[in-house]
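One chain comes next, on its own, written as structure tokens: the form predicted on its own.
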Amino acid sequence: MSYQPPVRDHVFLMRDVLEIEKYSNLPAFAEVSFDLVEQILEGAAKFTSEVLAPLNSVGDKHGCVWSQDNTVKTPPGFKEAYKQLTEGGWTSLGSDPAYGGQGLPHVVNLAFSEMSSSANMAFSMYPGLAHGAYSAIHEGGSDEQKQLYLPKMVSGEWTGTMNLTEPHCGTDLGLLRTKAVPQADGTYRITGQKIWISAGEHDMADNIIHLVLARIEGAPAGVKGISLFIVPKYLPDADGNPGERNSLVCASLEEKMGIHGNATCVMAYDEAKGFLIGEENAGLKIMFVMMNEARLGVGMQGLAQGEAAYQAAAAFAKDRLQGRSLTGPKNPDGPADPIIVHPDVRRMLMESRAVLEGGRAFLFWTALHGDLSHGHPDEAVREKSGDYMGLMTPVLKGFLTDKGFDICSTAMQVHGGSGFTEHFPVSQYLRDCRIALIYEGTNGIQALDLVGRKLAAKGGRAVMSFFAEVDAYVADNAADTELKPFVDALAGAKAQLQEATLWLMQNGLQNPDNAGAASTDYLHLFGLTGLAYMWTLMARVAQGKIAAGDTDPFYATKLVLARCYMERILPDTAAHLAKLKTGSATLMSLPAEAF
């Protein structure tokens, strides 16, 4: 069975759980009836399943081809699919109407991005990177830069990239060497090499707008001296069309484990003409707008690959005949039963689905807060939602990519030996997903960011607000006997998360290694608690639908999956709490030469 976008789940989350129709007074939601949202979701499902999904294995097998003239040819069918993407208006969904965008809420755009990434992760990275570059220019660019670049980036005529990493430095951007030399006309000459640049060169768009971090001559050392530049592949002419070729090239392509359909480039800049975005030495702040958006997008990629792999595994389990049920034949007229009858196969499938559907809810819930942080008229709501975006971004990136990869591995296990071959799709999902744990800041860096910066930000306001919200929800629903198992489980997980937070406050400051040693367990404890909150919200809605006489089996299935999550996955919080409280003493006790 090919990938089937989970439109029904998207509708359930947006209409019934998040109730986005309540926000019709906000600019991004004002013109969006839910009937229109459903039409968009159905159209997205058709495009991603019929156009992008069939190209997924094509991109994997053919890859991108670099030529000696420094050009890159994308896999067969990609260029035609990209044309359909732009003609369908899919690149403009969440962009500013002032520059030709449709101005839809981010949560709606995220649903399309999930479908696109599940269908074809490598392809979806091209418009995904372009939207991130659009966001950085939209945030920090001058009015002239916005008018020149954004309309064509919104339409998809031009794509974009982010150029951070250099051969000698990755996460530690303070070490970067790419230099920018001021010119008399106000431009800069950019010289240096960047590596691992996704979508850095391809044949699908008329121009590629590179956003490049560089250091202006005489700038302060470290991250305080980093500036951000627009460095187009083709310099726009007087009419705003691609003109003179800039002095930059894709010097080679990386040979990679996965995402073969995306061009991962080594970019060489040789006195290329660049245009400063914002002020000198303030580039990292603007680039972080793009990076934070990208980190949420990478969390989505983990979820998306897990969803596609789960679907493949579930279809295989219903079709593959192997052995007999422990309680007697379920397919008596056949030579064996389908493996879906075996409890351990069901364990793998149900636990995977419980994480996926809870993770999707957490991702969409956070995306809605992103919309509220920009557009809500109440300053207190904007502040709380902005706090949540900052706090949840590393959690979602780290937790969902870790779990997404685990689910891809589990899907391979369901397939048995068949999954280890290239005759079935799960090997590609596993290979493609693996990068998501690494790029845009490794998951270890996300965990350090969470415990080292996000928890303490503004006196811990964000995490305390989250604790208060969960406490209020538990109190408001304490008398609901049907919901009690879910509420009690949520309350228990929240208490453990709060205990872990207090432990970090007491022990992390005393010895920073304690915070570092505890960080990954803390991130996973937070992720598990966040999903428990989401499952409690979903269970309440599902129970209400059933109580009102709705016989759609979708809601009964939701309750079963909610119980599965609470009974079989949420208990992992206790293990994470126990491990993080051991501190750093044992981990730091061996000398380096003992490894």
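Residue numbers here begin at 1 and follow the sequence given. In this text, all values refer to a predicted model and were calculated from it rather than measured experimentally.
Just so you know, the form predicted in complex with another copy of the chain exists too; it's not on screen, but the next bit is about it.
Comparing 540 to 548, 65 to 73, 27 to 35, 554 to 562 against another copy of the chain in the predicted complex, the single stretch with non-hydrogen atoms within 4.5 angstroms of it is 554 to 562. Contact with another copy of the chain in the predicted complex, judged by any heavy atom within 4.5 Å, is made by just one of G323, P97, G222, G243: G323. Screening R347, H374, K484, R453 for any heavy atom within 4.5 Å of another copy of the chain in the predicted complex leaves a single hit, R347. Among heavy atoms of G88, none comes within 4.5 Å of another copy of the chain in the predicted complex.
In the predicted complex, no heavy atom of E19 sits within 4.5 Å of another copy of the chain. In the predicted complex, E499 stays away from another copy of the chain, with no heavy atom inside 4.5 Å. For the chain shown alone, M392 is not a contact residue for another copy of the chain in the predicted complex, no non-hydrogen atom being within 4.5 angstroms.
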